[in-house]
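The chain below stands alone and is given in structure tokens; this is the form predicted alone.
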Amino acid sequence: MKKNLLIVGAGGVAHVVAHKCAQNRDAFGDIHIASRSMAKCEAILASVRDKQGDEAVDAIRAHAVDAMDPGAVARLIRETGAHIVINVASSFVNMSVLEACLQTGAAYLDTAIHEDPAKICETPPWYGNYEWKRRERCAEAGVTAILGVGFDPGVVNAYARLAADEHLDTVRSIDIVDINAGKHDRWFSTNFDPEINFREFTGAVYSWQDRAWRSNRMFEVGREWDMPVVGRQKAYLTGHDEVHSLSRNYPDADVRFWMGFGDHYINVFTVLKNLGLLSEQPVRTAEGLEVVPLKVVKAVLPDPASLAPSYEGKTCIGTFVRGTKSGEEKEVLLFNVADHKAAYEEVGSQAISYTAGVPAVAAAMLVASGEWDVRTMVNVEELDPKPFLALLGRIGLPSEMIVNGVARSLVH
């Protein structure tokens, strides 16, 4: 029997997930999408119809649900008969959606770590604050929960596992590098939810080095990386989800995340932060209105989904894994290059959303087939990476590999 699927969320990543599920609908039973806004769900279905025709959109049904309410999500799971839930809503709802899956037995997948709206940059390891506390319940209930199965986190974790398993005897360092070399026509915008984007960068930058957590300030540590296709790019040490699971699974390796930023982004970010406009704490205006500065900034910035029509250029996201093989030093780079314009032509999205959404669909397909239906909670590097990377190559995100500076075949 094919597994029924529920997509929770109706933002840019959910848009991609719906398109890719429709393209691969033979892998699933009934497909559903739900968010607080039925109108947003219906807009996504209209996009699927425009790109793929009536037959594709007829396979998906839209629903309204408050994802902050685990009881409401659980009721919807039961009503739809969903066996698999792809949570691509705000990261504030992760634990309520996971709780609904624990109540119903549905498999749970997400693409980013849970966040408490009132807290920024909690104590590492971040997964230990919420997700891992529910690992035993998942195992006892036989519920598959795959955490962070976007691109980064997600695919980059699988890259680390593949390099460690097949190319190295010892792993000394894991560096994830995320470069967006694309350009759009807006004066300033974030590439995904501005509130989540800015929250990532206003706290401490945690990395795992010398078997301990290290803390830096944002934009304090930067270096140039020579990346395939996009060339030499400046990237900065940044706090990110995958550092917090890879450090547990590869404790002897230094684990760092680097993200590319242009001077314009850094200048705007710095001004907003110094003015207090990136604060998540409410303030009161002279008129007596209580507002959250970060939410006001989000409200005035462009919707990241609106960038897609004008976006041009490419992204390059990869994992550098260094260590030894047979006593000799070895560096393995696994990476993907995605094109903004190609993503828009295929699914009406920019490449940032595309690279986050496609892996979640691939993971759902593997859960549906049984290959990744592990009946417990895992991070991506705890799963066999080969079927995942092979499937990604077939449905839109091919990977490449360079070993000690020489391109090597990565069989799909």
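Throughout, we count residues from 1 along the sequence that is shown. All figures in this text were calculated on a predicted structure; none of them were measured in a lab.
Omitted from view is the form predicted in complex with a further copy of the same chain, to which the following refers.
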Next item on the list: Determine which one of 236-244, 274-282, 249-257, 307-315 lies within 4.5 Å of a further copy of the same chain in the model of the complex, judging by heavy atom distances; exactly one does.
Entry: 274-282
Notebook entry, point to check: Heavy atoms within 4.5 Å of a further copy of the same chain in the model of the complex: does Glu224 have any?
Noted result: no
Notebook entry, point to check: Taking the shortest heavy atom distance, is Pro293 within 4.5 Å of a further copy of the same chain in the model of the complex?
Noted result: yes
Check: Would Lys298 count as touching a further copy of the same chain in the model of the complex under a 4.5 Å heavy atom rule?
Finding: yes
Checklist line | Exercise: Thr270 in contact with a further copy of the same chain in the model of the complex, heavy atom 4.5 Å | finding: yes
Checklist line | Tyr130, Phe219, Phe192, Phe188 - the one with a heavy atom within 4.5 Å of a further copy of the same chain in the model of the complex | finding: Phe188
